[in-house]
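Only one chain is included here, represented as structure tokens and corresponding to the form predicted on its own.
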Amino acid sequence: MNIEFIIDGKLIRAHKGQSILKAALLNGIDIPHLCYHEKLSATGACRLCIVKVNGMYKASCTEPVAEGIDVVTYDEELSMMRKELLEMLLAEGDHNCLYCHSNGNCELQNYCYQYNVEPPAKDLPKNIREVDLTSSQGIKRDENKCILCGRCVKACAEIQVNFVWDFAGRGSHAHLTSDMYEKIGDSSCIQCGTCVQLCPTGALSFQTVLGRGMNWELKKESSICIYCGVGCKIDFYTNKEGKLVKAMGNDEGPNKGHLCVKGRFGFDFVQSNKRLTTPLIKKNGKFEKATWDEALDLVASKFGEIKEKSSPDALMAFASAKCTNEENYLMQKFMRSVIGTNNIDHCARL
């Protein structure tokens, strides 16, 4: 059922049950928001999305559309209220953009620039929490930059369904907890990184990129995950040296932006110094470099000897998830049609 109403003098059509914020975003009208994310259920925590509905203040992320309402998303009064909300968020945390990993890719920072918000002149009492930099190989946790928006909590519960993140404490002592532990490494976190991808500040970040490049220096290239058969689409980020430093789920793929731990962090082999760059043949107990013709001729002759002596079923092949679908198809075709055996398996199945 379609509903018609007004946003900033513009006639909008929306579906019954949609929030004002979602309807606005779908129609190209930007309303500031931090706790809201299109993949998560509405929270109404940050109040930055406040609007006037028929003259009354409402949180647009939780307020449903209604026939004939008149919504104002921006005026001098609303602008002042949002500025005060942003000032409070800065005052409660430790947001030093110069030394923040998310500098240049922080939603809070973007809104502070938009509303000309500066950090408070006086240092207010803060509950400074220890930065968890070492307990997790994939994720850095700095709660001093947390604004308690709840995105990570809902991302873990509603997308990954792992229920690691939650809130603990009350009032000014409220903070995040991972399975009631202070360290991520002590929790049941499976390192999928969904919480980091949806975090609007620098409270959660990826270890792989720390010290390896600033956000505005990274170059993005889209690709397909090499591991299982889902075919998740990934945005890979490389630094100025051409090194892969970060992987983000792409919303256009079948994964809808989500990644598992392999897709998120399983790219380190690409630039490993242990990768073979030339065929090696063992001679006198030591591996020596060889040409491709030498290596292929040796393998073919050995396969032929085994097949003739012990039958084709004495041979088997183990295919790789790091190869393309086409390469894996050729591998099974080779084993069945050339060697003459069904002894073919694949690491992803295991």
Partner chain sequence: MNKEIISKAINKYGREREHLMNILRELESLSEDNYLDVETLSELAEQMNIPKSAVAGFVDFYTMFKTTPRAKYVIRICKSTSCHIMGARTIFEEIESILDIKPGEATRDGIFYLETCQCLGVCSVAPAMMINYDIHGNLTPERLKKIIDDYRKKEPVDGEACGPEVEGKKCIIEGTPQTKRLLENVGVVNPLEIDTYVAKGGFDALKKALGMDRGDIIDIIKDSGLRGRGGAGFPAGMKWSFVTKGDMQKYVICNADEGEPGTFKDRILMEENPQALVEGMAICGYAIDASIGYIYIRGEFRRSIIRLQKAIDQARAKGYLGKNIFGSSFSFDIFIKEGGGAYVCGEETSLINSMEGKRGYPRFKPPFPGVTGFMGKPSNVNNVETLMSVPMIIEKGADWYKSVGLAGCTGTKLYCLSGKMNRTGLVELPMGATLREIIDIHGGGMKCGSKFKFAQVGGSAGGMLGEDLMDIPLDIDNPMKHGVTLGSGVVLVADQNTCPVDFLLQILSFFEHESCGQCVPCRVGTSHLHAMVKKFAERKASISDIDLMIKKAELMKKTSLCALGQSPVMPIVTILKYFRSDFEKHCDPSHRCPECESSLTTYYIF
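What you are looking at is a predicted structure, and each value in this text was computed from that prediction instead of being measured. Positions refer to the first chain, counted from 1.
Keep in mind the form predicted together with its partner chain is missing from the figure; the text below concerns it.
Stretch 147 to 155 is the answer when you ask which of 233 to 241, 259 to 267, 214 to 222, 147 to 155 has residues with heavy atoms within 4.5 Å of its partner chain in the predicted bound form.
Although the partner is absent here, Leu26 sits far enough away that none of its heavy atoms falls within 4.5 Å of its partner chain in the predicted bound form. At the 4.5 Å threshold, heavy atoms of Gly169 reach its partner chain in the predicted bound form. At a distance threshold of 4.5 angstroms between non-hydrogen atoms, Trp165 is in contact with its partner chain in the predicted bound form. Contact check for Ile50: a non-hydrogen atom falls within 4.5 Å of its partner chain in the predicted bound form. Highlighted residues Tyr57, Leu85 and Leu89: every one comes within 4.5 Å of its partner chain in the predicted bound form, counting any heavy atom. Of the listed positions (Leu198, Ile190, Val209, Met81), a single one reaches within 4.5 angstroms of its partner chain by any non-hydrogen atom in the predicted bound form, namely Met81. Interface residue among Glu130, Glu118, Glu77, Asp251 relative to its partner chain in the predicted bound form, by the heavy atom within 4.5 Å criterion: Glu77.
Residues Ala42, Thr43, Gly44, Ala45, Cys46, Arg47, Ile50, Tyr57, Thr62, Glu63 are the ones in 42 to 63 with at least one heavy atom within 4.5 Å of its partner chain in the predicted bound form, listed in sequence order.
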